[in-house]
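Just the one chain here, laid out as structure tokens, in the form predicted on its own.
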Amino acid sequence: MIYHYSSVDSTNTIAARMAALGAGHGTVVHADRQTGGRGRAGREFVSPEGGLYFSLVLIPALDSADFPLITLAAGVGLCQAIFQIAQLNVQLKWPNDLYIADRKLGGILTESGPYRRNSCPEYVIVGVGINVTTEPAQFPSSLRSRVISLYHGRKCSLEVETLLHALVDGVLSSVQKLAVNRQFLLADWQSLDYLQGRELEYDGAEGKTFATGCGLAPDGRYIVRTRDGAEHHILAGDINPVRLKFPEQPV
């Protein structure tokens, strides 16, 4: 079931409300724009018209250890669906961003419902925002050189409803793959890794550290190697390529 709105504060908020009232696995809340879109760590997720914003209710049959990997699984499904429908190679920036040509195409926000006695949540909400026809001028000035839309990546338009169905199917399929074989899913993610081999700046609890991206650990954490040769498994924090220049956005 897909519920469509022209404008909402947050599709995740509405989807979570529906899930708490019994909405089933695969329920979708879709909006043309969000006025209060949320990103990771409570940040604002700018959601102007021209983007595709949806939240998907999941009640997956997963082991408790696999629930933290749902964001990674969703990213794989989105990248594969975009390639199939738009022939664009999208990469994943750990843990929840989608990139094309060194610019951000979209993001994922996964939120869990109340936990049951088996340490698994009653439901999970996967929120997705993808720039479809958005223009740089629709974003704050600090973001304009760092974003890209499917239209600018492909140079032709896509039908939103078709794209929505493809993305939802991609996420559902990828989460099912996670349930069947997490190693295959993580290998798929590794093949899409935007940070692998790059010189990075990691901003964590102890401040900024320079390192090189080394890929995923088996538990979904990201591995970086600092300049002294030590490897660190990152659970939280911001990881970004250093000295990355953003040329002017094509129009």
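Residue numbers here begin at 1 and follow the sequence given. Remember, predicted model here, so these are calculated numbers, not experimental data.
Another form, the form predicted together with a small molecule, is not on view; read the next lines as being about it.
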Distance check, Arg40 to the small molecule in the model of the complex, heavy atom within 4.5 Å: yes
Taking the shortest heavy atom distance, is Tyr202 within 4.5 Å of the small molecule in the model of the complex? no
With the cut-off set at 4.5 Å between non-hydrogen atoms, does Leu109 touch the small molecule in the model of the complex? yes
Is there a heavy atom of Gly77 no more than 4.5 Å from a heavy atom of the small molecule in the model of the complex? no
With the partner omitted here, the residue among His165, Arg154, Arg144, Lys104 that in the model of the complex has a heavy atom within 4.5 Å of the small molecule is Lys104
Students should find that, of Asn96, Gln91, Ser149, Ser174, the residue having a non-hydrogen atom no more than 4.5 angstroms from the small molecule in the model of the complex is Asn96
Among 206-214, 49-57, 222-230, 189-197, which stretch has residues whose heavy atoms lie within 4.5 Å of the small molecule in the model of the complex? 49-57
